[in-house]
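The form predicted alone is given below as one chain in structure tokens.
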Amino acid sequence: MKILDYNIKKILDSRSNWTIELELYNEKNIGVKSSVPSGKSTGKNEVFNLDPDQAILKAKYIFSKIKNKDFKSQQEFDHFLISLDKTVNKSYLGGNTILAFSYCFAKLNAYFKHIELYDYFNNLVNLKNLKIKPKMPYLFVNVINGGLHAGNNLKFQEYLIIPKTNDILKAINLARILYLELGKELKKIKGNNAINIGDEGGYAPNFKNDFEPFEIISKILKKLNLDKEFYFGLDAAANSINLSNDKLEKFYLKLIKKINLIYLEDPFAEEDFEQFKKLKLKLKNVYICGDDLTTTNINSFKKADSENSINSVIIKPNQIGTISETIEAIQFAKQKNWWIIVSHRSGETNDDLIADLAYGVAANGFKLGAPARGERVAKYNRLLEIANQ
């Protein structure tokens, strides 16, 4: 497949920051678009994103090198981009610039092969003979925002509800019901401003303490007779929290006694593999997940494996910069039997590619924010579209 033309421009992301939207055209003048999100809570080993104006200049250079070349596969295309960059963190061309091209190539190649994008991703992940079939993930729904994602007094970043079903219509409806009832309850007990929302669509009022959000959610679920329908999760994003490891661990242990918490993401600082391991050994029935710890980077995955630090991992393509490297990370995690959670970013766009990725690689979970705000809803609606095919 050859690339014959391109167009790139600046668009707004969900935090009103500039990002890039790229269009690529093949030899049949078929075009696709892709846009790149950004995170506020980031690991230091993520790829380097260029300012959008610089990214636009680098895109012109990339296009001059790929125009009319016949690329046989996603891997060949992505590795060519990596070879053009020649830096460890993609700082020359920009991780965001490279990812926009990688995304577009995947979409064009799926079209070229007359297959759905999720089947394209499924074919890629099965190149190591994993024999994985596409499957709907469990939804990890961020209904209360804190930390860097909100202007409230919560130290912890994401209070997650997880419907106990991967029947996507049922899961979305359960999440929707809880989200709307939570808004009503917060407004009643905390006033009109309580339904202000954070970066990922979750409510973001002040609370009495860091336990109260789950206490309120639990109360609502019991009232609705839905308390058996959900698990709970927490993205601590502890890299941004000024607490000792001992205080953090005491909070987690106390929280687990109170609620049915099965998922805990980034409970400690981003390079504290040993502390992750200690907590994982204590909490046998909780998925201890790496995000800032692992940054969708195969080398960090290998270190986490050798240190026995995690049993679950976040997958964010824009942490590493290409589809091929993302797939390589997923393949490694699958072989280690880790839970795989495909995730959005706090600064999102309406691009719904990650919904196809989550379904196509049979991710265990999908973090996609609250069922509100257009950039989040785009992912929910894409899952519904897939389910209805």
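One rule holds for the numbers: they count along the sequence shown, beginning at 1. Not measured: the values here are computed from a predicted model.
Keep in mind the form predicted together with a small molecule is missing from the figure; the text below concerns it.
Look at 27 to 35, 336 to 344, 54 to 62, 352 to 360: in the predicted bound form, residues with non-hydrogen atoms within 4.5 angstroms of the small molecule sit in 336 to 344. Proximity to the small molecule in the predicted bound form, taken as a non-hydrogen atom within 4.5 angstroms, holds for one residue of Asn364, Thr42, Gln331, Ser324, which is Thr42.
Exactly one listed residue, out of Asn96, Thr296, Gln157, Ser102, brings a non-hydrogen atom to within 4.5 Å of the small molecule in the predicted bound form: Gln157. Put simply, Lys316 is close to the small molecule in the predicted bound form: some heavy atom of it is within 4.5 Å.
The closest non-hydrogen atom of Asp78 lies beyond 4.5 Å of the small molecule in the predicted bound form. Lys90 falls outside the set of residues with a heavy atom inside 4.5 Å of the small molecule in the predicted bound form.
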